[in-house]
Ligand SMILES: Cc1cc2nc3c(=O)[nH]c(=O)nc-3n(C[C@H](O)[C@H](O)[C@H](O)COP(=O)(O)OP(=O)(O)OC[C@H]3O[C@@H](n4cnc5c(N)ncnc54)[C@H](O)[C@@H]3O)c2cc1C
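First, one chain by itself: the form predicted on its own, in structure tokens.
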């Protein structure tokens, strides 16, 4: 474990480090600071010090251990034999990061009867495809997939692991990070390598998208992040490429906690990579107006989403929810119908290229982030749009 070191010449003994330490690992006794054995090097004290008087003091053992972690790994998400777009986006960004670090790029694919997917992955700019194929992995099971991914990471010791911030990725990544006792930055919108240290700089929106937090994992490995879909360009496929596929044996214990009984196809909901999404808020007046919104969606080739207020009112299924507690989307065009613009919702749409807001309240917060704002009765304007399109 890295030790915390306090630089005496910079310290003004303000005691902020003691007040903010979550594990109460810092004490001030006999005119000097004492770092207790239960310090887990979380770094809160470093962040709370206004005088840059606290630093990590890595021992040679930690430095050597970090050198043993090599390579950039991408978790490939797939469904019905197709690679998800977010995985192709991560391959493209992962290649850029791997080149900066002088490391290899590997892709992990887990499932059953996935030979074609593994072969297809070799057509992208990756050094290795790591495959785990087992009948128990045919359907995503959080407990089994966490076990398998943990085993793979322990075998290869990657420096960086990137996972898409999808419903599956957000279920998988925290469990793996917890098992590995490493950090995880969720819902990243930018990834960079810091030139001086080689650390992965992970940027994510905070406080409802009002600021961007840049996060590092200086001590523990691997550095893990989930990445918002639609942020990076997808990798290009080149059929002349010939990659290497390695099938890795793992121990798979059938989960007693979750059993997949049946998969039921639901009505299509807004996908993270939809080009046009129409968001429905309580401002449309009543649930009986939703078919009219669907009519507009059909004309535009758009998909539907909704605010939490609409979901809580029982107007639409929870699978349509967009926002902090729902789906994060980044379409080319987001049309907000009767949506006030609470931060819980705007956090899920802030990456949209163009936001068109229609609301009768000219002071609605949604207009602060909208590219185009229309003040008026939502249903009247909707009727006009339907007549014109």
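Positions refer to the first chain, counted from 1. Note that the coordinates shown come from a computational prediction; the quantities given were computed from them, not determined experimentally.
FYI, the form predicted in complex with the ligand isn't displayed, but the following is about it.
At least one heavy atom of residue 378 is located within 4.5 Å of the ligand in the predicted bound form. Heavy atoms of residue 329 never reach within 4.5 Å of the ligand in the predicted bound form, leaving it off the interface. Taking the partner from the other structure, the ligand in the predicted bound form has a heavy atom within 4.5 Å of a heavy atom of residue 325. For residue 204, no non-hydrogen atom is located within 4.5 Å of the ligand in the predicted bound form, even though that partner is not displayed. Figure note: of the listed segments 245-253, 279-287, 135-143, 223-231, the one touching the ligand in the predicted bound form, with heavy atoms no more than 4.5 Å away, is 279-287. Taking the partner from elsewhere, no residue among 93, 173 and 190 has a non-hydrogen atom within 4.5 angstroms of the ligand in the predicted bound form. Residues of 321-342 lying near the ligand in the predicted bound form, listed in sequence order, are 321, 322, 323, 324, 325, 326, 338, 339, 340, 341, 342, the criterion being any heavy atom within 4.5 Å.
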